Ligand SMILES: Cc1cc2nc3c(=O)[nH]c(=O)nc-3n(C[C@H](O)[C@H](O)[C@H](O)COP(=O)(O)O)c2cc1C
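Shown here is one chain on its own, the form predicted alone, set out as structure tokens.
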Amino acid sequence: MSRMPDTQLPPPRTTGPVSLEEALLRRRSRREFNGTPLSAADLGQLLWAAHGVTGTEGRTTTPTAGNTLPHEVYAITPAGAFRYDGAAHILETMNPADLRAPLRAFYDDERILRAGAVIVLAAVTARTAARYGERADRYVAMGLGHGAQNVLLQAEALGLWAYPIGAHDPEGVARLIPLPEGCLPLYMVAVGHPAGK
């Protein structure tokens, strides 16, 4: 099977109409979406917030222990499942099918079917374990938490609704996308346009 072409995302914005303080004030878990797909600009902005590159040294929007970069970010959208390459700010197609319905088998909530995207925050813990040993699990979990909060705050700034998902089957989601061996999806954030709008 030939590899699908990459999709270049619009450049991420570094300024916006909502202050960090306002995004913090407004942040809530909201689950009622209207089913409208996200624009490429909005999806790209959310992925950049999750783990985008912010400088020439390869530093990212989220901290990682010792810059070991264990995080991998994926997006499940109506157009397919994609890996986010933060250095190039592109989407790499992993699966061209809409996986939201099969994803529901690993997270039993029909509202996920109306999400514009499910941001999947995954990790290759071995990258951090090579340097930090048994502390790696904790460090990786901390980093993924930072990434999820960035997505939630970015959603608020974009006028989107979002909620974090921890109650899912990581191995099942990894097979569904499919993820490379050793890469485990530990956290997901469903994002979409508010219902009624």
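Counting begins at 1, following the sequence as shown. Keep in mind that this is a model prediction, so the values were computed, not measured.
The same protein has a further form, the form predicted together with this ligand, not shown here; the description that follows concerns it.
Visitor: In terms of non-hydrogen atoms within 4.5 angstroms, which of the given stretches 22-30, 128-136, 64-72, 47-55 touches this ligand in the predicted bound form?
Guide: Answer to the contact question: 22-30.
Visitor: I need to confirm a contact call. Of G35, G166, G159, G172, which residue comes within 4.5 Å of this ligand in the predicted bound form, counting heavy atoms only?
Guide: Partner contact (heavy atom, 4.5 Å) among the options: G166.
Visitor: Taking this ligand as it sits in the predicted bound form, is Y107 in contact with it (heavy atom to heavy atom, 4.5 Å or less)?
Guide: Residue-level check for Y107: yes, a contact with this ligand.
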